[in-house]
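This document starts with one chain, in the form predicted on its own, laid out as structure tokens.
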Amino acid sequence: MIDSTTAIRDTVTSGENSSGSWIIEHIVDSNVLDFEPFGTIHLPSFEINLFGLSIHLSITKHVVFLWIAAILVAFFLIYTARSYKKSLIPRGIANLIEMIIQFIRDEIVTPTIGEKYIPSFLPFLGTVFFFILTCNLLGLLPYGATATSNISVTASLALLSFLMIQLAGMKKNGVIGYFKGLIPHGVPVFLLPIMFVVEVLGLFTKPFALMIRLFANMTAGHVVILALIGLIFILKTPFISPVSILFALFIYLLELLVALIQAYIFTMLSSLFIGMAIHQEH
């Protein structure tokens, strides 16, 4: 999972973090890639001073797995696109990716935004889906790390969706028309100031919900798995081992489903919010 069982055992039995903070230490970002018992890799850490501000540009564990996810997504999508030059009938991984893209097009983009907007938003939404899914699955590999369990990563993804939502609405309705369309028709004049504030706040609560939902779901599963494994070393009895391992395995398999569902939900809600910004009359 996130670190090896050996590292969990050493941390729990050391007695220094009996309160359970050791779980957080194995989930949060760090400057070390842990491959125990084979060794560790210390990532470079540096910062720059810009206009009196100290900006950390350290390469962390989550940054490394973000790069890996980006490279994998780019590789498989480019591979799928090039496979059509050889044959119009995709095979293998290209066939799977085509099926997923068709699902996003037919079941997400078309119902929520409209068929005429597929060329404009399918590339963005498809890339977001594959990137989040890849990040989620990488965290389930041995020695892996889930970048989407980092609030900074989910905030960045939510910010991209927020910008796409606003740009889509302004491009379709105009800047003034877009903000004017936030006010429902038929609202009494004395409620207009209140409704405008409420609707503007709603623009920010949508990406905030995307950020928190993805972060919380991808973090919770890892916490449960680590807690179940930690019971073996906390209770110090071999009789709890089968129960802990079986339940941890069940949660791990459930995490595979959650990884797919969370990528789908983030993509679906982003598409829905874009459609709401474009079709304000509805």
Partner chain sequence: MFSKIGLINFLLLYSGGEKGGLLDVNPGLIFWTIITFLILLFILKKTAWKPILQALKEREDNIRASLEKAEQARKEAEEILEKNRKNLSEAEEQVKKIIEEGREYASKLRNEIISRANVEAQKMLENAKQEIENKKQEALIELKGIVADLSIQAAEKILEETLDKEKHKKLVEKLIQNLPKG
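Positions refer to the first chain, counted from 1. If you're wondering where the values come from, they're calculated on a predicted model, not measured in any experiment.
Same protein, other form: the form predicted together with its partner chain, not shown, and the subject of what follows.
- Contact annotation: H62 falls within 4.5 Å of its partner chain in the model of the complex, judged by heavy atom distances.
- In the model of the complex, no heavy atom of S45 sits within 4.5 Å of its partner chain.
- Not displayed here, its partner chain is kept clear of I225 by more than 4.5 Å at the level of heavy atoms in the model of the complex.
- Its partner chain is not drawn, but in the model of the complex it has no heavy atom within 4.5 Å of K206.
- With the partner removed from view, the residue among L96, V187, A74, V198 that has a non-hydrogen atom within 4.5 Å of its partner chain in the model of the complex turns out to be A74.
- Checked against its partner chain in the model of the complex, the candidates I113, V153, L210, L133 yield a single residue with a heavy atom inside 4.5 Å, and that residue is V153.
- Only one segment in the set 228-236, 242-250, 35-43, 49-57 has any non-hydrogen atom within 4.5 angstroms of its partner chain in the model of the complex, and it is 49-57.
- Each of D29, P90 and V128 is positioned with at least one heavy atom within 4.5 Å of its partner chain in the model of the complex.
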